[in-house]
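The chain that follows stands alone, in the form predicted on its own, written as structure tokens.
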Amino acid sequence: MIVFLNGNFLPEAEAFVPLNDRGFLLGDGLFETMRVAGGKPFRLAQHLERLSRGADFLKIRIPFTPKEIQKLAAQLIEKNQLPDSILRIMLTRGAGERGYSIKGADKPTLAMTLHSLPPVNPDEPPQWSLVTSSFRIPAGDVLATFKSASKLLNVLARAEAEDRGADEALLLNTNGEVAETAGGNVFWVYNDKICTVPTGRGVLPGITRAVVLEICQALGFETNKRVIKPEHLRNAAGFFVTQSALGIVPVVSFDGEPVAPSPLVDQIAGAYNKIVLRESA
């Protein structure tokens, strides 16, 4: 596999960052993950806009312009001959002295890697079982707005879910409200409305989440951004997770109880797949 690191394309086995890179030492950085379809990263501009906002907040200088990153990503996809894959962009503050001070850490690291798509049977698309995690997201955490490199809580939540025989973990915030899953945003159907959690309550404003809201508007589905407790999700007439790699993933069980399927979820998933295909053409 060929990767991109700080201006160079090189074999993955030859790509190294120094031990004093703050991304390695402290998780001092950001990342974006997106679907590549037909050789084109899906909604790359929106991912780069979120990366740019996060970099401004963290005071990390992105060493390439968005147009340069777009061109470099296309070259990476071509070099690896992976027109249908997952692209990951990683930005760190770069090398620095021991400790928390950012003084002197002025040479950021930017890397891009490609990964195989999760295996999916088109006749049997993925469906997930969810369990509520014991871990909590700070309700007012401003860092939740960005995909920071510090994802230990998500790692532990996913591991906890897998230990319990589930596919994914539902994360609550410190107010006990539904926030998101370890790797995606949450939607549910209630009274024929497509509901999701508002941002600002420990929720990442996901790019796929935004696409789903676009789809709902185009299809004439009423949407509602609302705060909800996990016990009230059991009244939902449909439940799904959005994330970059798989798109729309219906939830079929929640904390061991079955979740009824919804034709509205199927319509949204179908519309999402059409958008990905259209924008990759």
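These numbers were taken from a predicted model, which means no experiment stands behind them. Residue indices: 1-based, along the sequence shown.
Keep in mind the form predicted in complex with a further copy of the same chain is missing from the figure; the text below concerns it.
A.B. asks: When the contact criterion is heavy atoms within 4.5 Å, does Y272 count as touching a further copy of the same chain in the predicted complex?
C.D. replies: No, Y272 is distant from the partner.
A.B. asks: Could you tell me if T92 has a non-hydrogen atom within 4.5 Å of a further copy of the same chain in the predicted complex?
C.D. replies: Yes.
A.B. asks: Does V276 reach a further copy of the same chain in the predicted complex, with heavy atoms at most 4.5 Å apart?
C.D. replies: V276 lies outside the contact set for a further copy of the same chain.
A.B. asks: Answer with yes or no whether V265 is in contact with a further copy of the same chain in the predicted complex, where contact means some heavy atom within 4.5 Å.
C.D. replies: It does not: once a further copy of the same chain is placed as it appears in the predicted complex, V265 has no heavy atom within 4.5 Å of it.
A.B. asks: Using a 4.5 Å heavy atom cut-off, indicate which stretch of 44-52, 31-39, 65-73, 228-236 touches a further copy of the same chain in the predicted complex.
C.D. replies: Answer to the contact question: 31-39.
A.B. asks: Taking a further copy of the same chain in the predicted complex as the reference, which of T109, T132, S129, T145 has a non-hydrogen atom within 4.5 Å?
C.D. replies: Contact residue from the list: T109.
A.B. asks: E12, P18 and S150: each with a heavy atom within 4.5 Å of a further copy of the same chain in the predicted complex?
C.D. replies: Affirmative, all three are within 4.5 Å.
A.B. asks: Considering only 148-172, what residues come within 4.5 Å of a further copy of the same chain in the predicted complex, judged by heavy atoms?
C.D. replies: Contacting residues: S148, A149, S150, K151, L152, L153, N154, V155, L156, R158, A159, E162, D163.
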